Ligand code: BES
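First, one chain by itself in structure tokens, the form predicted on its own.
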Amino acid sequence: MPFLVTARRSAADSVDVPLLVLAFRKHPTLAPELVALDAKLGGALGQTLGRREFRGGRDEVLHLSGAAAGANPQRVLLVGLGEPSDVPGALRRAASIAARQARKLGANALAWHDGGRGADTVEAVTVGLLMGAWEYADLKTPPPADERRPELESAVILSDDAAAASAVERGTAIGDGMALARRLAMMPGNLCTPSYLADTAREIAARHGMQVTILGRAEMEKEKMGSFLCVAQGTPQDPKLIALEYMHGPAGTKPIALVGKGLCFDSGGISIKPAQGMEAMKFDMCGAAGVLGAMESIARLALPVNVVGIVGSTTNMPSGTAVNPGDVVRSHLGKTIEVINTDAEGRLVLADVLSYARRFSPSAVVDAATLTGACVIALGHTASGVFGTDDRLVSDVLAAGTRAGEPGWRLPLYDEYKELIKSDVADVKNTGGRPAGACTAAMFLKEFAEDFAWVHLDIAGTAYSESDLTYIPKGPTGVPVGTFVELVRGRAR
């Protein structure tokens, strides 16, 4: 059942909901607008704050019993914001926690109060609520009827601002794009195949009047995409190159291109990965999921810009027809590549996708890929690696990530890194070894992105989590949908 977020003007003590959520900064006090609510709660809220049983720390939660029988609200949840420098980000995070807690408590509806009077933060709260309400239960057998809790169906944000409703609409557009990306990422590889991603793109195009182009193996052979196809030659599944065109900007304006790596499963190929943890390689298509989710959100927001979303999707499998270490292939751009490690396959796919992007004459190209474990070692799971050839575009991407709550950190593309990917038998080789692994992977991509302003996002550490992060569960995070959307919105302003 869809989760619906609305906004309305209402006092905290008068909402009729199973759960009222109150968001507080660190060291909270009882605000005047909560005095009437405190009276309904028999003074429990004021006493709790006065005794510092709840201190408003980031991610702190405290559940209070509700008002007397027959009165509202039925239950109250306190959520801490900490001492935020990024208020929208703190609210987004707290709202996600609140929605998760509401689901655990079996509340079918909640009301949100943070003391704000403007619409500037309503969008962030909406995105957070949608993030927290999301779950992937498509493949689970429902529990017996007598053990089921009510599902969280709706949330209302208490705001006095007349613009709050439009802020909710914008937040819903972004949250639904993130939900699409997370659903695609969470699906197992036998269901979310390259063909499934292509079908999803067709559905997005049909909903929003976009033009869609899909190339299969035969079409890519005609395009001479030897780099992409060498990854796909070990699988019987048909690889897909998908291009979605959203052209709502001024006529003749060059589009911004969003590019995503779509390895629906990555075994490593002949350079096979260790068995332990290999199941997580279904997440190797999070860049592609991010592009599709962003295109959904951009269309829902009706942004007056020209955007092309391009996805390269296949699986990387070992077989008698798989590419071998030491093989040399010719890319779509014409450069030859020595394949040193078949597990460095994402860059081989992206090389041809970046080359293909030239036909759209883009003003800028930003790609996102779960590309290297080296980036995880460098930045952990907190920030995406950001590389680029255009300082202004890099700054725009970093700023977009900050606004979206998806931080990035710029890493270098020194000329010396190119020495590490020189080949003895070809123009370039696909890996430079362990030193500066994220940087040499980006340097490889740079070889195929010389005709336009370009930024590469290495989201290997941020696209999914192997543990519960409090504000979202284990699994896909929705990165880089927010960054893509904020970048495009910035171009629309």
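Keep in mind the model is a prediction, meaning the values are calculated, not measured. Residue numbers here begin at 1 and follow the sequence given.
Separately, the form predicted in complex with the named molecule exists; it is not shown, and the next lines address it.
Annotated contact segment (heavy atom within 4.5 Å of the named molecule in the predicted bound form): 460 to 468, selected among 31 to 39, 460 to 468, 52 to 60, 444 to 452. Note on the partner interface in the predicted bound form: the residue among N341, T389, S395, S154 having a heavy atom within 4.5 angstroms of the named molecule is N341. A single residue from the set L371, I298, A164, I310 has any heavy atom within 4.5 angstroms of the named molecule in the predicted bound form; that residue is L371. For the chain shown alone, K273 is a contact residue for the named molecule in the predicted bound form, at least one non-hydrogen atom being within 4.5 angstroms. For the chain shown alone, R93 is not a contact residue for the named molecule in the predicted bound form, no non-hydrogen atom being within 4.5 angstroms. Contact check for M281: a non-hydrogen atom falls within 4.5 Å of the named molecule in the predicted bound form. Within this chain, D266 lines the site of the named molecule in the predicted bound form, having a heavy atom no more than 4.5 Å away.
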